[in-house]
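This document starts with one chain, in the form predicted alone, laid out as structure tokens.
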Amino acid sequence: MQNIAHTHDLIDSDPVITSGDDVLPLQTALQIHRVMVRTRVMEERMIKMSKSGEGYFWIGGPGEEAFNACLGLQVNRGAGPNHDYLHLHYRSSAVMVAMGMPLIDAIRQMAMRITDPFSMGRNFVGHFSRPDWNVVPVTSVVEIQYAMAAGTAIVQKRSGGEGITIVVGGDAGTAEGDFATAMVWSTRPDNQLPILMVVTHNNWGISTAACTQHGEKQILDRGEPFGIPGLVFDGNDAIKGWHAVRRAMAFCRTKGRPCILEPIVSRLYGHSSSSGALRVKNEPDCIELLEQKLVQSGLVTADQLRSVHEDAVAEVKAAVEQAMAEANPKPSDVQRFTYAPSKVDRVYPNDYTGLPM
């Protein structure tokens, strides 16, 4: 296995939190922790919404918060090729929270309100889309985002800036041909692309165990024939996750080449509300692990961490009350913003529905 160069970039500020050889400033660790807690409280409330009739289908990423928070906090956010493009999946809520998404926006989509900024209440939760942040619409068709990522990366390579393309999927989805497409297109001779390919590995594909489907020991091994470097690491460790993301982003930006990150993560509430979304008790919880490190450092008290949880509960409670008081979309809203008028459509010019006038 070829690895990304392991370069330490220790920050001189004190105090710090450590995990093995990796060190993180306390304030950065607390920032990550707050994103993780706010996201977890929001997701757990969404599960209740799916069971109480306040919402409908739930799917999300409890158990992936450590890695996703570290990813979102290091994104070069903005619009256009000089910023990072994100092709996320439906477990990426902590990425969006870390980038600055108000919790109420995700809750509006869960409640399918017309105020949902991503789909006007016409898609189910976790299907984010923000043109001003280069967040490409999340699709329910798993893993096609890997094939789409080559498109934005080609534009970025042509523009010559430092923007990279980040694509996120799960381990089961790498069985799709789209994953191979991304590896082929990002490693063409003299046309390599700056794509950070993330595979959050929770060892499940809906209800199928990965060990019954994958012959390779780790997904990263599939990058070796293409010369794609990468890292496999404990995705439940926020400190290691921060530095893995930092190193991988630096590699893509400076080398203009792809790399793969494979964080090993937990899946704490199953695949979705369709499988009951009950709490899984035999997998590690990334929030508990980070809080243990913080308290053991002597720099933070359990009461301080508890107040973060209490603040998050109050924030989510207010967001749900607000969202439930807002309007539902109307049947006539179904076609709004689904298609855009096209001057190059020779068959039906300026007809956004694509149908005969």
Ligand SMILES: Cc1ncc(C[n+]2csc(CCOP(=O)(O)OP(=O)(O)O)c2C)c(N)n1
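Numbers for residues come from their place in the sequence shown, where the first is 1. Predicted, not measured: the structure shown is a model, and the values here were computed from it.
Quick note: we don't show the form predicted in complex with the ligand, though the next part is all about it.
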Problem set entry | Every residue of 91, 172 and 176 near the ligand in the predicted bound form, heavy atom within 4.5 Å | yes
For this session: Could you tell me which one of 152, 134, 202, 109 places a heavy atom within 4.5 Å of the ligand in the predicted bound form?
Result: 202
Exercise. Out of 183, 142, 250, 101, which one falls within 4.5 Å of the ligand in the predicted bound form, going by heavy atoms?
Worked result: 142
Exercise. Which single stretch, out of 164-172, 228-236, 183-191, 241-249, brings residue heavy atoms within 4.5 Å of the ligand in the predicted bound form?
Worked result: 164-172
Exercise. Can residue 271 be called a contact residue for the ligand in the predicted bound form at 4.5 Å between heavy atoms?
Worked result: yes
Problem set entry | 4.5 Å heavy atom contact, residue 206 to the ligand in the predicted bound form | yes
Exercise. For the stretch 110-130, which residues lie within 4.5 Å of the ligand in the predicted bound form by non-hydrogen atom distance?
Worked result: none
